[in-house]
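One chain comes next, on its own, written as structure tokens: the form predicted on its own.
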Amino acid sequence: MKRSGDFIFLLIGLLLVWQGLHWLAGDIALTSPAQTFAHLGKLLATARFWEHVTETARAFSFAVLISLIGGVGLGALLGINRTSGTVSEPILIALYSLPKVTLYPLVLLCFGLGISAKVAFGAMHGLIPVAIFTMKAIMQIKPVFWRTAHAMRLTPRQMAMTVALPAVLPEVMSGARLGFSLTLLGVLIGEMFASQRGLGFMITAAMGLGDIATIMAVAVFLSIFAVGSNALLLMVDRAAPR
């Protein structure tokens, strides 16, 4: 109950700040909350808007699946062997620190213009964080747990379910939440640079026309989706057995 009250107060505070910035900047730079939600309501009633949503949702679904499955698989493969994990960690961190935008021409060259490039660019953003979180979680499992499991003659499946999974699940879920958000960001950036459909393209087109209302409405729509999805993942994380 207290958390719900805190969230409501935070939301009201954000709306008040937003309204205050609107009064300072004016309609040319920032629409008010009422104007933004009214324009978002109009967009939601159009088929064209949902075509853009569907295009982004398709690319994001593929990208997030690749990020999560590939990231967990890579992290587990590297984390099982401590030497591999120790050697790979700085390499993965260095790769993650690279500005992904500079690699987008290479992505276009490999995948061409279309959904494949957006999926690849989104997966590039989310896969490495998930892999790092998973690898670190496995490497931090105390060796005594493995020795105890061997002494009890547990099968590999039993060791995975009773030792590895409970130990790594919190870190993997944290990585999944981060990877989810970064993958969405990557897909949107891909749509903004080289696409003719999707919410990222819609924002870029609105920027070219100076359509502040559409920019703000799409940004609010994406924010609601991102916050809601993150809250759902957090609930799943807290409900998971430890």
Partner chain sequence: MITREGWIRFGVVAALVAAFEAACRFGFIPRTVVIAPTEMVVSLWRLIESGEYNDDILSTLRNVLASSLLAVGLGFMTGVLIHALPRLRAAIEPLLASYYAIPTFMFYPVFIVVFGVGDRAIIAIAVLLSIVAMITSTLTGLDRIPRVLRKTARIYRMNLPARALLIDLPAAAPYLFTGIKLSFAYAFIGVIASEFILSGAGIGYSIAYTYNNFNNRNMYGLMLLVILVATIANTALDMIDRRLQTRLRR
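Residue numbers count along the first chain shown, from 1. Because the structure is predicted, anything quoted here is derived from the model rather than measured.
Omitted from view is the form predicted together with the partner chain, to which the following refers.
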query	finding
One stretch from 68-76, 161-169, 90-98, 142-150 that, in the predicted bound form, holds residues within 4.5 Å of the partner chain by heavy atom	90-98
A34 within 4.5 Å of the partner chain in the predicted bound form, heavy atoms	no
Contact label in the predicted bound form: L14 to the partner chain, heavy atom within 4.5 Å	yes
Proximity of S116 to the partner chain in the predicted bound form, heavy atoms at 4.5 Å	no
Residue contact check: T155 to the partner chain in the predicted bound form, 4.5 Å heavy atom	no
The unique member of A38, A57, I189, L44 whose heavy atoms fall within 4.5 Å of the partner chain in the predicted bound form	I189
Contacts with the partner chain in the predicted bound form, stretch 187-217 (heavy atom within 4.5 Å)	L188, I189, M192, F193, I203, M207, I212, I215, M216
